[in-house]
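Encoded as structure tokens, the following chain is the form predicted alone, with no partner shown.
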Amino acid sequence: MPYHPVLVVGGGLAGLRAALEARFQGVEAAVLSLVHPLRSHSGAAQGGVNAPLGNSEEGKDDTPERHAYETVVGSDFLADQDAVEAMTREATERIFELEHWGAPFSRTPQGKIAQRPFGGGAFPRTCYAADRTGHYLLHTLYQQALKYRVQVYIEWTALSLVVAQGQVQGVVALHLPSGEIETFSAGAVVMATGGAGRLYRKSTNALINTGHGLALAYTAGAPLKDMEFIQFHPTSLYGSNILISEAARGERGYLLNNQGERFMQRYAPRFMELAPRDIVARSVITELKEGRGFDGAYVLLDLRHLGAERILERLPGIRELAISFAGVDPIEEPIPVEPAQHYTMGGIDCNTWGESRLPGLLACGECACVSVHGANRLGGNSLLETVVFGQRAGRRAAELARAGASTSSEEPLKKALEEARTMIEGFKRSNGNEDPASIREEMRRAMWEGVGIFREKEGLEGAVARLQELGERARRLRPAHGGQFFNQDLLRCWELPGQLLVAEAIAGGALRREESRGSHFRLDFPQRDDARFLHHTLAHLTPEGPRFEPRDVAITRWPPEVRKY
């Protein structure tokens, strides 16, 4: 049974940064990753990472305080302001660290890290490496992980968290290539498994973003927080929903309807296409509903006026994606785009050091809810969150491992291993007849149609009822494939019940929140209601379903105000 003082589940940016920090603190750390780390979803982040460097002439007066204020406003005042201030205060140090580790940021003519504007920001604040920033940062951190000899278990997926005497003791995991099941004992476990985009029919997320990590923590006893806040990106490629980065609008791309209008003039006249994503996504859907879209399904993102040189220099990846997947060269033609699910603002409830309510369990990255995004995340803040709170979670995990490593016991781990083996055999020998793929598709459709960009009571109640019905059907799955090697069918069967629980937490939280705030827009309650809902939503798993509990928002400097763009 392998033992690691710090075990990180997830090999993306947050997970790698957490493991590196544990090493820097003198504690051995390992990473358990479903895919090779360089194939993690962090690599899909395109536009950039925020930090108030002030490198551009327009942004020379930028400060951590200004960055924090705009993040809080962007969150519709639901972000915890102490967490936001920690993130913006440490942003510059993390960016310089990445640069010194070799991250190939684009440069100004003076040789400084280049910055572009992103939605909801008054200054060009987003540091970028063309439009492949996440990809380059992922390579940078993985190289450091190799340098500092972080052990990486590749193509291992966690099946369960082992909890004994109120403390997380480790995980049970499946090695997909061999079918081997193993327990990993740990002094502290850090979840860094990404978001839950694949709960939705239309999503920019990779296939691996199933919400499985959230489900593991939730079923182990850690509450989820603010799950009703789901970000819908306004510009995914029509049809495939591949992300077309906000960098395209940051470089001054236009959104056009079928009348050739820059329709954002109607919704955010000051910020136009660079309004926050929740506002732009709702604007696109409104244009479609009112008959100003193309085929009632998409609008156009026009980059032609930028010119070939600028597109080739700053947006080469977007051009390649548009050519490869839509047959459109944005130098010559506008790109057809539509909104799609993009980011999970909620997640495993944790503090600014990544500690969850479950002792021994920490979280960072998109699966965590430190609460820096509140009701709506600003573009460029997610990559920043991974490196700031990945570093913090790794540091605290190292401290916890040093303090409590000797308390780890093998007996609960052995018991959990046997339970996992029994469950796997149960999946393979099931006498049920329900097809897991059909249930999963019905779940994704229920989430898109009932818990989408515009919501109302009837649709949310229908979604909750549908998810509960699907949960019952998921108890009667047909036999899983019995093969040993790369048994994806078995993995999907294992994940499905947990996915439905996470989906119900999202839908139930959205039903309970009778107001509109950030990404959560209720047609039947179109106004923000601070008197009733200026609080977080905690979801605790019970045998009867989620039990919701409010928690105060940390307001340190900026009292709520009307959000205007």
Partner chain sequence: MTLNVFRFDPEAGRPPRYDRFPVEAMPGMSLLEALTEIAERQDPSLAFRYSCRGAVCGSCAMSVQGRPRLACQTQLKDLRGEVLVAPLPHLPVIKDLVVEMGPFYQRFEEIMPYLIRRTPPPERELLQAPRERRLLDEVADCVWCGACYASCPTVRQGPSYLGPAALLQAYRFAADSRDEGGREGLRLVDREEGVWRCHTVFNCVEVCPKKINPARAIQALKRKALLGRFKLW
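Here the structure is a predicted model, which means the values were calculated and not measured. Residue numbers count along the first chain shown, from 1.
Same protein, other form: the form predicted together with its partner chain, not shown, and the subject of what follows.
Checked against its partner chain in the predicted bound form, the residues Ser283, Gln167, Ser106, Gln81 give one hit for a heavy atom within 4.5 Å, which is Ser106. Think of it this way: in the predicted bound form, its partner chain has a heavy atom of just one of Arg310, Arg252, Arg402, Lys147 within 4.5 Å, and the residue is Lys147. Its partner chain in the predicted bound form comes within 4.5 Å of no heavy atom belonging to Arg262. Taking non-hydrogen atoms only, His305 never approaches its partner chain to within 4.5 angstroms in the predicted bound form. Contact check for Ser409: every heavy atom lies farther than 4.5 Å from its partner chain in the predicted bound form. At the 4.5 Å threshold, heavy atoms of Arg198 reach its partner chain in the predicted bound form. Annotated contacts: Met423, Arg473 and Arg476 are all free of its partner chain in the predicted bound form [non-hydrogen atom within 4.5 angstroms].
Proximity to its partner chain in the predicted bound form, taken as heavy atoms within 4.5 Å, picks out 32-40 from the listed stretches 523-531, 507-515, 61-69, 32-40. In the predicted bound form, no residue of 261-278 lies within 4.5 Å of its partner chain by any heavy atom.
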